[in-house]
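A lone chain, given as structure tokens: the form predicted alone.
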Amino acid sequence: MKKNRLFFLLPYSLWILLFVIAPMILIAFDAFTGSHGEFTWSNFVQFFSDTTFLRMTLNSFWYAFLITVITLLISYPMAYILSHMKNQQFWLLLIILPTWINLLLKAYAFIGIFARDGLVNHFLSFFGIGPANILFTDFAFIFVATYIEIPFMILPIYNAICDIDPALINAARDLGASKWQVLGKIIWPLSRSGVESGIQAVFIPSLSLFMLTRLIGGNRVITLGTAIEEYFLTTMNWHMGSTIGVVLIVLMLIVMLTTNRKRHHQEVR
């Protein structure tokens, strides 16, 4: 039995070692070394002393926060309604289906939709509003990022709501609780684990977005993800790019540990 477990764990362990642990070690090595291979803290000193990098960090958090909040405000009602609908598997399939499409294809599709001669401006022209500059704006970036991240917020919330014992809801209604009281006192507290999982699944990837910032946001949206792309592919300063990558990984770990700790305290209570 143990041999069978080791046999099945071997491919997974090799995958984690080669494509997760090894790249992180290489990034950490480049971050803590200079151009001549010597150990140095200068890359991190430059990062934390330069206001440009600090502004990028704040921008990354701000955009990730906006995307997460908007996604949550849309996803929670949708997940709640979905949990009470018939043919739930069919509606779940429609929600999951967009995740099967490549991110680059979806980005180019929205470029065509938001362009000056795109579908949205053609629609606005009927009312005498268009053409408007929608593409390469903060609105376009947040809209597209929210659309892409919504399934990852809906699914954990939906699963958490479906796991709630219906007897608790029926008991609250029998005791005279209104719909809003049931939602606020029972459904919301018992589904918070799904909300926290959804926040984790949306906020962390939103910190490192770079493809959408270029294709949809243009040069208006500057985050740590775009800075990493710039240093690795344009300026070829891999040491500074690796430094930003290490900072971004640490920020993601902090977010994960914070949400996991809150979830653990909630389960203990």
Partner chain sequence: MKKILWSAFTILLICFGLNLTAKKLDGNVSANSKRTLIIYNWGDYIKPSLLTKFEKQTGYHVIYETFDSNEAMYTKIQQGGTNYDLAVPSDYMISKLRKAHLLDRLDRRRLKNFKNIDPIFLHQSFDPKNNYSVPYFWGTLGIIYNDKFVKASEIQHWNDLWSPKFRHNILLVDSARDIMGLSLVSLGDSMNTTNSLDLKLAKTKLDELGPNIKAIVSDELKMYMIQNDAAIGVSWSGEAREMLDSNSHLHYVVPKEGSNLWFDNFVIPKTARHKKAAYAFLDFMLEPKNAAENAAYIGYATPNRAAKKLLPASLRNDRQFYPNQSAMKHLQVYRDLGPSKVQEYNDLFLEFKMYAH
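Residue numbers count along the first chain shown, from 1. Being a predicted model, the structure only gives us computed values, none of them experimental.
Although it is not shown, the form predicted together with its partner chain is what the next lines describe.
Remark: residue 204 does not count among the residues lining its partner chain in the model of the complex, judged by a heavy atom distance of 4.5 Å or less. When its partner chain is considered in the model of the complex, residue 233 lines it closely, a heavy atom lying within 4.5 Å. Contact check for residue 208: no non-hydrogen atom falls within 4.5 Å of its partner chain in the model of the complex. Of the heavy atoms in residue 49, none are within 4.5 Å of its partner chain in the model of the complex. Among the residues 120, 111, 74, 199, the one placing a heavy atom within 4.5 Å of its partner chain in the model of the complex is 111. Of the residues given (88, 125, 102, 133), 133 alone sits with a heavy atom within 4.5 Å of its partner chain in the model of the complex. Contact check for 40, 247 and 260: none of the three has a heavy atom within 4.5 Å of its partner chain in the model of the complex. Of the candidate stretches 89-97, 153-161, 134-142, 75-83, only 134-142 has residues with heavy atoms within 4.5 Å of its partner chain in the model of the complex. Residues 214, 215 are the members of 187-215 with a non-hydrogen atom no more than 4.5 angstroms from its partner chain in the model of the complex.
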